[in-house]
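In the block that follows, a single chain appears as structure tokens, in the form predicted on its own.
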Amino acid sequence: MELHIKEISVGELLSEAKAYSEGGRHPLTAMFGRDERSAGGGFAVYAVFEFPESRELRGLKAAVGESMSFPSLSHLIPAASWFEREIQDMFGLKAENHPDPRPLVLHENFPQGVHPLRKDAPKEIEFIEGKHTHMHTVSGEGTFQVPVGPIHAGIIEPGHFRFSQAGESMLQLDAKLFYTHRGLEKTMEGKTALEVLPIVERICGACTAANTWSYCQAVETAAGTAVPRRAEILRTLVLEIERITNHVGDLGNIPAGVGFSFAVSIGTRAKEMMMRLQDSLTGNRFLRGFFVPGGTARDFTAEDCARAAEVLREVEKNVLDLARIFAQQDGFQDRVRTTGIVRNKTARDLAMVGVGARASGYAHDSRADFGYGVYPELALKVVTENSGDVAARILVRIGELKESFRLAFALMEMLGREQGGHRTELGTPQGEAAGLSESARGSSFCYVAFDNEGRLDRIFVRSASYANWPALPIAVQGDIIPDFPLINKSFELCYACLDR
């Protein structure tokens, strides 16, 4: 995927970013820092924007001087807020005039002056005891706070939610995440492209195909390696299979928020069928080991496709059953309509992705916008709704599932006609490149920079959940607290994608 980087001074960052974003027309995909001192430079801040009309990513690179600061873009581009807070935590660069400069990735008990993504960061640290998390809350007569987490009743990962209430109405939600940050980007430094691959695959269990394809795109661009057409078909098919697996699981999870157990059972059963299919096709229930730089690790036979078609037809029946059940249950419709609304402007301001964006009328889909794989040959229909509520997010998932079933069958037919190989030898990657791929939750972005020996100097991964988490506190405002699980599940956001 084309990535064009323009080097500017830090004083030009604000004006250049304003020109690039063009009033929100070109969404901010990622913003990250880099320590370039080992190459004779200093610290730099990158901002990458999407230009779908030319199917390219354009980035700004601002060298940060002795002030160790850069102008915050958050008041101009709200989507920059989390990125800038992460840069402050991981590199110690200050975002001047940031509206919320609290720590994001590193919590208050992390020692000050230690910034993990600097090249000279210590390998061992000692946490500070007795530090309390600072949360934004509402105060006044008749208001109270409801803390939830970070340890939850289920097996989900930790996240702390602080609700400010008046009666049952949620006035404000502040969320504290990043509790189990794994340091994956630091771990990958100095490794070869193939050594990095199994780590990228494990960033998230639900977005394996999307995260890995984004990484492979970036590595292949940096290596100047062209992927065989059969591999592109296989990759596109597996990405759609991953989308189906996640969407049917989400359709089962959402009604759990209102105790609709019958629908939960249908969705859970259908997801298990898909997980077993993924294992049968790729050798792993989570699709690990299938995508490799240069193509795919294995091919699909005619028998594989026949078995996949049989499972997909059965799962498709389950989806149609769920769609009919949801539509016929007035009590369920009462709970999901006008609940958890995200306006179109909010979706655009936050550069939201995936179902969260498209349910608010924002047709943000990297498959259509960038045409990687064989998507340009498939006449992809981008499914959108306009109400921005839980009901809209359900309808988008159902619509996308119908489209994904169509795409999957078309792709299997294409495989039957394509007789080429599925993998080519990877060259030595050098320089910097990026990739973008659409998971069930939205686009997954990956930036890589290699040294002259083909070893990774910097990798930055922005998952779909990272882009959509900031919208959740906005979506719940004004709704009742018993609807929080329903709203939360309708986004189906991931903790692990943040804790990379």
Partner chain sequence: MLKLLERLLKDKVATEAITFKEGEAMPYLPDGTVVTADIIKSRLGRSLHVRHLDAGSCNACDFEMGALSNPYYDLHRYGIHFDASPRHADLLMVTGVVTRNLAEALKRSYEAMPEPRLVMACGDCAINGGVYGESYAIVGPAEKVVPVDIYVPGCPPRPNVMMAGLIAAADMLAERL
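It should be emphasised that the depicted structure is a prediction, and the values quoted were computed from it without experimental measurement. Residue numbers count along the first chain shown, from 1.
Just so it is clear, the following notes concern the form predicted together with its partner chain, a form of the same protein that is not shown.
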{"item": "Answer range among 402 to 410, 74 to 82, 296 to 304, 154 to 162 for contact with its partner chain, defined in the predicted complex as heavy atoms within 4.5 Å", "value": "154 to 162"}
{"item": "343, 469 and 473 all contacting its partner chain in the predicted complex, non-hydrogen atom within 4.5 Å", "value": "no"}
{"item": "Listed residue that, although its partner chain is not shown, lies within 4.5 Å of it in the predicted complex (heavy atoms), from 190, 183, 376, 421", "value": "183"}
{"item": "Contact assignment for its partner chain in the predicted complex, among 348, 230, 98, 288, heavy atom within 4.5 Å", "value": "288"}
{"item": "Contact label in the predicted complex: residue 110 to its partner chain, heavy atom within 4.5 Å", "value": "yes"}
{"item": "Distance check, residue 368 to its partner chain in the predicted complex, heavy atom within 4.5 Å", "value": "no"}
{"item": "Residue 272, heavy atom within 4.5 angstroms of its partner chain in the predicted complex", "value": "yes"}
{"item": "Non-hydrogen atom contact residue 237 with its partner chain in the predicted complex at 4.5 angstroms", "value": "no"}
{"item": "Those residues of 193 to 227 which, in the predicted complex, come within 4.5 Å of its partner chain by heavy atom", "value": "198, 199, 202, 203, 204, 205, 206"}
